[in-house]
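Quick setup: one chain, the form predicted on its own, written in structure tokens, and binding and motion questions come after.
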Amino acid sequence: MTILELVQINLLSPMVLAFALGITATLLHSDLKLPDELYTTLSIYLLLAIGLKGGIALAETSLAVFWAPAVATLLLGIIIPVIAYGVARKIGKLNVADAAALAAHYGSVSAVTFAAAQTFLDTVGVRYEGFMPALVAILEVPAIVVALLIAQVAGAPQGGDWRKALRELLTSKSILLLVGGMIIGWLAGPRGGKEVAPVFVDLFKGALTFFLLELGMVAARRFRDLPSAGLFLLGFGIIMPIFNGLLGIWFGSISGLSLGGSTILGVLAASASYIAAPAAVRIALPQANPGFYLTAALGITFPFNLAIGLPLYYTIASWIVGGH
């Protein structure tokens, strides 16, 4: 399939259309809103489901197969925030705190973008390694820690509680649910996985559609901050994911991942966190401007990745992995 056909398939998926409906509802000032309790429940469900499926796959995966992709993912979590910080400081002329906050968000990962990538590959019939959710957990934390360390070394104004930020990060619901779900799935194995499949497998895409409807509304509310964010953030929010995606695909290729696995690792590298990273940054770098990092991550990068990025990264992975 050509990239235009892939984009069309992606844009016409129920998940992306639900995201577009959420954006439209907000722009039209509709009273549409999911109850806060439902939004929280859906986020818990999605994170736990991703962790469970990854743990079940890990139970059937040998260390010889898993170690190279795991190391590659860890390296991405160290390299990407360093590059992102340098770009934000040298090109964007942002202060230390704002540059480090951007680096933390773009070095970490969006679990929802990961789920959308899985759905996209399922739709086009491309297989991928079952242990990919484990790589989500590996990429979630290191980049945030690296970015906060960069800010400390670079002399960001003090005022944040670094220990509290680290504790908040490690005990956040995204980490606990991903890691806890993987442990449960690994201990239960395939037999246990079959028992909960009707809830955590069969209903997954429907729950993701609901969640993306709400995220569309959340993202649209960030659009009002785009004029104040400036052209640099607009470029950063699109070009940085493409660069990170290329890096992730290449790392996936050399670590032995399949076409589908390399695509997903590229998507993970290209995504930006808007759950774990904001919580840690808010505590450790309270002087950082949320209008920069939240607008870039949720108002620019997430819609770009969801609509265009997924087929783009798959096409690039087809070139790289196909010739590897």
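In this text, residue numbers run from 1 along the sequence as written. Keep in mind that what you see is a predicted model, and the values were worked out from it rather than measured.
The discussion below concerns the form predicted in complex with a further copy of the same chain, not included here.
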Does the trio 32, 48 and 176 actually contact a further copy of the same chain in the predicted complex, every residue with a heavy atom within 4.5 Å? yes
Which residue, 154, 126, 207, 79, has a heavy atom that falls within 4.5 Å of a further copy of the same chain in the predicted complex? 207
Residue within 4.5 Å of a further copy of the same chain in the predicted complex by heavy atom, from 75, 184, 83, 166, is 184
Since only the chain is shown here, I'm wondering whether residue 65 would be in contact with a further copy of the same chain in the predicted complex (any heavy atom pair within 4.5 Å). no
Even though a further copy of the same chain is not shown here, does residue 9 get within 4.5 Å of it in the predicted complex, heavy atoms only? yes
According to a 4.5 angstroms non-hydrogen atom cut-off, is residue 41 in contact with a further copy of the same chain in the predicted complex? yes
So, residue 227 and a further copy of the same chain: in the predicted complex, are they within 4.5 Å at any heavy atom pair? no
Would you point out which of 192-200, 133-141, 83-91, 231-239 contains residues with a non-hydrogen atom within 4.5 Å of a further copy of the same chain in the predicted complex? 192-200
Taking a further copy of the same chain in the predicted complex, which residues along 7-24 bring a heavy atom to within 4.5 Å of it? 9, 12, 14, 17, 18, 21
